[in-house]
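Presented below, as structure tokens, is a lone chain in the form predicted on its own.
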């Protein structure tokens, strides 16, 4: 299958990631079927997409007709087979559970046409493991998006053990076509590239929070105003080149033995999760807000992200 042959894309899972991925392809001109077993989830997803498109219009990314056309290109479906029977590409965006993903891929393998590419938005699992029972090993691939997927430009493209060059290249090309920033990952490894880097930073941030070195608010403030500010324009390796590798090497020799190398999350963090404080999902995590306050945080985040996207990547 060539890029020009792709007409229809199906997204399985209408949650935080699925609805945003659907929006990207609809804005790119593709007919998208958004599937979820729960009708309420589909209703919420379409409300979110409508709101996302409003913010895109207000920030000059799309016109009113473009937003309306994109919204009209998205259909919803609770029946899995009906949603994928004519799909050229299916993107799985369900819970991060290997057993559930394997069960889904086995169903998709039977339901989809022979040419259909099966892609996963898993954030850490290996597709060679949970898609290992499909009969189309050459047509399975990982395409790992970052939240919010309709705004964050990078998408990792990770091949499984049997993924063909044609499949990896087509997914890479279609992501570029819909104005994403695809990143080829040369080696299949748990967590891939970006989540390994991100979790290394988060491990130390959690450690510093539990140790009382700084509050959650001050940790976030410090990162936003320094590392985060810098990394929006230059990556960590270029940063060290510009700062001088002799300096970076000296600092690493001093600090590496002192940085957390924990193999499990810190106790206070685990207690927070086990008591049901899950962040925005439940109203309280490191921060505590009402639903209205969380909604305002999301809107402010998206507007700031869109401005950054426009300045750095949008053509």
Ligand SMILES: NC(=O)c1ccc[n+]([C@@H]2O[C@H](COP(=O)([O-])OP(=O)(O)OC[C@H]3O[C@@H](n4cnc5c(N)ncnc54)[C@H](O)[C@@H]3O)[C@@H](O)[C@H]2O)c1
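Not measured: the values here are computed from a predicted model. Residue numbers count along the first chain shown, from 1.
Not pictured, yet referred to below: the form predicted together with this ligand.
Mapping the unseen interface onto this chain, residue 259 falls outside it, with no heavy atom inside 4.5 Å of this ligand in the predicted bound form. Although the partner is absent here, residue 121 is a contact residue: one of its heavy atoms lies within 4.5 angstroms of this ligand in the predicted bound form.
Residue contact with this ligand in the predicted bound form: residue 105 places no heavy atom within 4.5 Å of it. Contact between residue 38 and this ligand in the predicted bound form is found at the 4.5 Å heavy atom cutoff.
Only one of 29-37, 285-293, 262-270, 63-71 lies within 4.5 Å of this ligand in the predicted bound form by heavy atoms, and it is 29-37. When you look in the predicted bound form, the only residue of 245, 215, 147, 186 with a non-hydrogen atom within 4.5 Å of this ligand is 147. Only one of 115, 135, 176, 95 comes within 4.5 Å of this ligand in the predicted bound form through a heavy atom, and that residue is 95. Scanning 3-42 for heavy atoms within 4.5 Å of this ligand in the predicted bound form gives 12, 13, 14, 15, 16, 17, 18, 35, 36, 37, 38, 41 in sequence order.
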